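Shown next as structure tokens: one chain only, the form predicted alone.
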Amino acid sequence: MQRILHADRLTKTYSGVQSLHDVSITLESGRIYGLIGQNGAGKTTLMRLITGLAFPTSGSLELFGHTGENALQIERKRIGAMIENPGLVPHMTAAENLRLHRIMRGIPGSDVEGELLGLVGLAETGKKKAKDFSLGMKQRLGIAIALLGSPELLILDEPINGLDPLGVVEVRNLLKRLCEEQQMTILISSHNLPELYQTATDYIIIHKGEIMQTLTLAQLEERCKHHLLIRCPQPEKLASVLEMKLNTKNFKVMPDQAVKLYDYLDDKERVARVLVESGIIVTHLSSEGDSLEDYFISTIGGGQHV
């Protein structure tokens, strides 16, 4: 699989405040990467560094096997991006906006304009001006502009923001189709974690400017599997009892000191009995199964961040 992008210890400081710290990630061709993080986590800053809208304070970036600022600027022509708000001219129609961006970027052939408008569901907007578009329509037009030139790397910052449920499904299907049919690599940030769960093949969790985890969909599903959630005042003793008396190492101590036990799912009573007999005061014992939101919250350090 071809390496499309590699960031090595990217750091970005604005006015003495560090927005990104030692960020290292690798993107490979034909995959959809979901960039997950709260507002202010550094998602947009990372996207701006990749696209050349900002420059790192330290660290290095490789695009399509090339490094060095001159080479990166050339390789960035292979990137399509919509970061923050789409750059639309309010008094122009969808077709006029798309034509303006095509001409500015020196992309030949007007046929592509109609194709892209059809692709994002804006073929019937006619003479309606962008200033009169709904937020969802503006997002769709921004995606169409990003797709000009058939990019090999597509970067979308909150692309489903403002879309109705049908629009969300249409954009999801479009991204999957671009990835599968054109082997396009897609980096997408979103607050809609259930939607990312249905779209992305890989996940990058960023928190306070640092990468907390990178994992594939298969790894995420493994980690979100069903478990017994146990809370007690002595998590270290609990871990010892699970190993010594229940003969399992298939558990995880979470950042908030809760313990997830992946064995004995159908024998909760036995677990409770053994813990009580071992002198452990159980304050909580329940059957659980993580959602992506649960996993994200536990990864960045528990409920205090919500």
Partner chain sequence: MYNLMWADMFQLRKSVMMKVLLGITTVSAVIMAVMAYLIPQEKIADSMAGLGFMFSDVNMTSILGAVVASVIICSDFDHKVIHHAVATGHSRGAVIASKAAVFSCALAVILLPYAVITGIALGTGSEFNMGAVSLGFLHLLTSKAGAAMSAPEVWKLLAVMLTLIMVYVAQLSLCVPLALVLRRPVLVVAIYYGFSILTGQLAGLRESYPLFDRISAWTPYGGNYSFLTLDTGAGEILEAIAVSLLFVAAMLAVSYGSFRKADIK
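Residue numbers count along the first chain shown, from 1. What you are looking at is a predicted structure, and each value in this text was computed from that prediction instead of being measured.
Unshown form predicted together with its partner chain; subsequent notes refer to it.
Participant: Since exactly one of 109, 126, 114, 87 fits, which has a heavy atom within 4.5 Å of its partner chain in the predicted complex?
Facilitator: Among 109, 126, 114, 87, a heavy atom within 4.5 Å of its partner chain in the predicted complex occurs only for 87.
Participant: With its partner chain left out of view, which of 169, 92, 229, 224 would have a heavy atom within 4.5 Å of it in the predicted complex?
Facilitator: It is 92 that has a heavy atom within 4.5 Å of the partner.
Participant: Considering its partner chain in the predicted complex, find the one stretch among 291-299, 21-29, 278-286, 8-16 with heavy atoms no farther than 4.5 Å from it.
Facilitator: In the other structure, the partner sits against 8-16.
Participant: Is every one of 53, 99 and 105 within 4.5 Å of its partner chain in the predicted complex, counting heavy atoms?
Facilitator: All three within 4.5 Å in the predicted complex.
Participant: Contact with its partner chain in the predicted complex for residue 219, defined as at least one heavy atom pair within 4.5 Å: yes or no?
Facilitator: Judged by the heavy-atom cut-off of 4.5 Å, residue 219 is well away from its partner chain in the predicted complex.
Participant: Even though the partner isn't displayed, in the predicted complex is residue 73 close enough to its partner chain, meaning a heavy atom within 4.5 Å?
Facilitator: Within the cut-off, so yes.
Participant: According to a 4.5 angstroms non-hydrogen atom cut-off, is residue 77 in contact with its partner chain in the predicted complex?
Facilitator: Contact with its partner chain, yes.
Participant: May I ask you to check whether residue 43 falls inside a 4.5 Å heavy atom distance of its partner chain in the predicted complex?
Facilitator: Residue 43 lies outside the contact set for its partner chain.
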